[in-house]
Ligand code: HEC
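Quick setup: one chain, the form predicted on its own, written in structure tokens, and binding and motion questions come after.
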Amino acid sequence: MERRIIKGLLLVLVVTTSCYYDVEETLYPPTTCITDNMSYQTNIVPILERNCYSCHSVADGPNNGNVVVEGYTELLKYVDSGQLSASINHQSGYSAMPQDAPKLGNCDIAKIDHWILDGSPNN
């Protein structure tokens, strides 16, 4: 009886460990940064949500130098003045953003810069 239980447990152990499945994209994310045809809604807003809205949203704007980047019209003010690109690229003479946090990843910066170079479309 005891041998049957041990054999059964071993069989369950072998079957459950052999069904492990990894997603390649999760384990090995792509190393290329695609910056063609950047969309405000699809590509830019998620970057801003992750890195900027916690300080520069409509609700928090008055508390953070009245800089609001939430919403296309608000963001466009900083795009047109060059302040957005200069800040995320940590250019001298501009406040480095995000403040008190690591610089945005190179791919996120490239996406924003290419979107700006493409005319900052509201798409």
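Residues carry their position along the shown sequence, with the first being 1. Since this is a predicted model, take the numbers as computed values, not measurements.
This next part talks about the form predicted in complex with this ligand, which is not shown.
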Applying a 4.5 Å heavy atom distance criterion, does Val45 contact this ligand in the predicted bound form?
no
message = in the predicted bound form, is there a heavy atom of this ligand that lies within 4.5 Å of any heavy atom of Cys52, even though the partner is absent here?
response = yes
Check: Heavy atom to heavy atom, is Val67 within 4.5 Å of this ligand in the predicted bound form?
Finding: yes
Requested in this report: Give a yes/no on whether Tyr72 approaches this ligand to within 4.5 Å in the predicted bound form, heavy atoms considered.
Outcome: no
Looking in the predicted bound form, is this ligand within 4.5 Å of a heavy atom from each of His56, Ser95 and Pro98? yes
